[in-house]
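In structure tokens, the next block holds one chain alone, the form predicted alone.
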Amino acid sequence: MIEKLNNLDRRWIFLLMFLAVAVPIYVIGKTGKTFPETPSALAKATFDAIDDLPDGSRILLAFDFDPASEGELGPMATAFVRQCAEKKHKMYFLALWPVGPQLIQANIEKVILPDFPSYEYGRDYVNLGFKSGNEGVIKVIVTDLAQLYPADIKGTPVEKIPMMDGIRNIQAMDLIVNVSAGYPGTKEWVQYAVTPYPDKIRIVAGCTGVQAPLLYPYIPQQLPGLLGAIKGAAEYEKLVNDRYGGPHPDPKYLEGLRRMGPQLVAHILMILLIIAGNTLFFLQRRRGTSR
């Protein structure tokens, strides 16, 4: 038996991994049910940072990612927009990544336009678009927003946009929400916006899994809330759905939870395979010693 397992064709393992991913996708797609999630303290802190603000607060949403990271960051970006809209917050969108404006518009069309028809462009939300310069952009807009963003993505001068009245810089925002796939992203927002103005600028963020460890040193003083990868997105989705989703949330607000299913089962399979491999190794060594 040990010899058979030792010589097992690796294609069987590939098949098991395929089933571990495919079966949860099929089951979730067929039934609509997702795996349960227990939100972490960081997910709760992120949710509370937005939810505890008075209705109608000013939120700067910086979408610093691209389609390559949408699998991890897309669900949390959607959940951020939804929670802000549920709270009737005014949303100021901008991006330090070139594809950011398209992702912003995709979320506007996905969340705001169909589900919040009372939201009016220019009064309740605005897309300021992309500016190149990385952290240099942040250094400027902390004191003078109009210098780099004299108009919105449609070319409308900011002085003609009602919700921009009285906004000189991002210190006027009640909260910054950043969705980050790397550089420039959350680290730069913390270093060049929050750190110089700790009493005026607050931030919470969502990031990719590989980026999260680089941001942990900023928790909790400079970065009180952080969502890491699809796991963080799923936890945050649960919090938003529990508060605003009702008994049957729209499937578009369950993407993080849905994507966690295959990942969870695949991780369990990997752990079992590691245990099985090590057990087989020690059994073989014991068998060789006994001879």
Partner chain sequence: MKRLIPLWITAVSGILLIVAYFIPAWESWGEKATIWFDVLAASAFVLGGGNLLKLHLRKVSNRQAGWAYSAVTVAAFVVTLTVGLAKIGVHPSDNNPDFAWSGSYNSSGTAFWWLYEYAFKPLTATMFSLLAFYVASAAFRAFRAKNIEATLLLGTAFIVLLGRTFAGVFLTQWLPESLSGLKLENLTVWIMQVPNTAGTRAIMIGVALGIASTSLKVLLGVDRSYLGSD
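Because the structure is a prediction, the values reported are computed rather than measured. Positions refer to the first chain, counted from 1.
Below, we turn to the form predicted together with the partner chain, even though it does not appear here.
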Exercise: M260 in contact with the partner chain in the predicted bound form, heavy atom 4.5 Å:
yes
**Message:** Under a 4.5 Å heavy atom criterion, is G155 part of the interface with the partner chain in the predicted bound form?
**Reply:** yes
I'd like to check something about V99: if you look in the predicted bound form, is any of its heavy atoms closer than or equal to 4.5 Å to a heavy atom of the partner chain? yes
May I ask you to check whether P217 falls inside a 4.5 Å heavy atom distance of the partner chain in the predicted bound form? yes
Inset, instruction - Using heavy atoms and a 4.5 Å cut-off, decide whether K44, L175 and Y244 all contact the partner chain in the predicted bound form. - result: no
Contacts from 260-277 to the partner chain in the predicted bound form (any heavy atom within 4.5 Å), listed N to C, are M260, Q263, L264, H267, I268, M270, I271, L273, I274, I275, A276, G277
